[in-house]
Each structure stands twice: as structure tokens, then as C-alpha cells.
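Have a look below at one chain only, the form predicted on its own, in C-alpha cells format.
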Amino acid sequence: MALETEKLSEHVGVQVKRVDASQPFDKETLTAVYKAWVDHSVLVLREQELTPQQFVDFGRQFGKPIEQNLKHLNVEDCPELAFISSEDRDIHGTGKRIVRGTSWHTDHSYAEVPPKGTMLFGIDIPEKGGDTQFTSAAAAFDALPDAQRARLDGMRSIHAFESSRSPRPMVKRTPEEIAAYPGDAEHPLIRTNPDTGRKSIYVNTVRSERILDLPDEESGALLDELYAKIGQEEFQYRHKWQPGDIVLWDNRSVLHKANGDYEGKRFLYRIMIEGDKPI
């Protein structure tokens, strides 16, 4: 099937037009949409009208939705569907609203098997602000000098639930949530996306604790160098939300971050898709 698409930036992002996400895709359409997603790392569908259950059904077409760890943010009786809400308070024990995800990260990299994809469905969207930014860790890797790519490939790093170098505090967890995903997972510094064969830099500003076999100072300096490379504007796409948007991204190839520069109500549903152990 020939999809009607619009490329959203040079390195990341594609909008697929004239598809109805409320109905199951036929095999040919799903194959084409899935390929558009993994080839461009971020997939955007606009003007969608779905019930929560239809959103879950849509997500299942891309893989198995996983039960999300922070249970107080899950939809009652549907743990595979969570929400992001401006009304949520006290996530750090302060009683104040704190916008989650405001620095470059890839979802749940502290897990032994992180989710391959995350998708959001916009319900209530403020008139201004609240954009989500994406940056291609694959394009950033490709832009490194040959010698540096060769040096990094084969290195491994530790991803904690909250790195000692994290630029922001993480959500307080219950003992049960800690037991389910304790953190301190060891992953390759450069991972290969099994859907595309493309390599990317697999780091996380809030999770990456240290690079193995390097002194702490050298490890920290290298992580900071990689964060700066990935965060360059040339590799980015900035999504300006509209109600009815579905945005699906590939955690194996991009990093993302939220922006808290908005006022008023903001509410989105979130699904994470089961992944594979990074290689």
C-alpha cells in the first residue's frame, strides 16, 4: 500500500495521513505503517477519534502493550494504559505539579528489557506550550568520526532508576514497584535496532550511571559529550500537539523530552510496547 506521508524533519519524524486508527489496519496497511515508523523513528497520526480501548487495540498492532510500572498513573482496570496529566500532583512527595520527562531520555532504560516503543494519544492540549521534542540517536551516531564510532561500539554502561548524575528527581516508587524494576541494568552503549539494522547511541540523561571499564571522571565526561552530540538541533523534531494526535516513537533509536512551558489542562494516554534486550 502506498501511504500518504509527510517527512517532519531531516533525520526523524513522519506523518502518515488519511488513516483511521480507530479501526484495525489490514495486513498491507499495517506493514507499510510499521515500516514508516521504524524508518523514521517517530510516527505521527493527526485528527484521530478513539476510545481508550480503541487506543489500546491500536497499540497492540505494533507489539504487546506492557503493564506500566507506576501504578498510580495507570488507568483503573487497564494497567497497560497509563495517563500523563497536568492534574497529577505529589509525584515527588512535595504536593507541587512537576512535569515529568523534561530532559533527554529513552523510556525505562533501567529495565533489563526496555520497551521498544511508546505512544501517546492527545486528549486535552493547552493552546500554547507543552511540546514534545525528539532527537535521533541514530543520526548522532552516524555523525561521529569513524574512530570514535569504533571506540564506542562494544562499550557497555549501567542504567539506574535514578542516576547520581540525573538533572531531575524521579518519581517516588512503592516497594512493589522497586521490586518489579529494580534498575542497574547493563546495556550496550551502542545498540542495534533489530528492525532496521541501524546503530544508535543508547544513553539516558536520567538513567545512565556510568560507562563500564572507565574511571568515573572519564565516564562522566564521555556521557556529557554524547548528550551534547545527541542534543544538537540538527537531529531534532519538535512536536506541537493538537487534540486527537497519536505519536509513536522508537525507544531504540531516539531520545525525547517534554516541555513544561504551558498553562491549563493537559491530558494524554500512554502505551508502551514490549521490547527486546538491547544488542
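These numbers were taken from a predicted model, which means no experiment stands behind them. All residue numbers are counted from 1 along the displayed sequence.
The same protein also has a form predicted together with a small molecule, omitted here; what follows describes it.
Contact check for Asn69, Tyr110 and Ile273: none of the three has a heavy atom within 4.5 Å of the small molecule in the predicted bound form. The single contact residue among Ala160, Leu120, Leu81, Ala138, judged by any heavy atom lying within 4.5 Å of the small molecule in the predicted bound form, is Leu120. Only one of the listed residues (Arg151, Arg156, Arg165, Arg100) places a non-hydrogen atom within 4.5 angstroms of the small molecule in the predicted bound form, and that residue is Arg100. Using a 4.5 angstroms limit between non-hydrogen atoms, Ala258 touches the small molecule in the predicted bound form.
Residue contact check for His187: none of its heavy atoms lie within 4.5 Å of the small molecule in the predicted bound form. Contact annotation: Arg191 falls outside 4.5 Å of the small molecule in the predicted bound form, judged by heavy atom distances. In the predicted bound form, at least one heavy atom of Arg266 sits within 4.5 Å of the small molecule. Residues of just one listed stretch (100 to 108, 142 to 150, 178 to 186, 197 to 205) have heavy atoms within 4.5 Å of the small molecule in the predicted bound form: 100 to 108.
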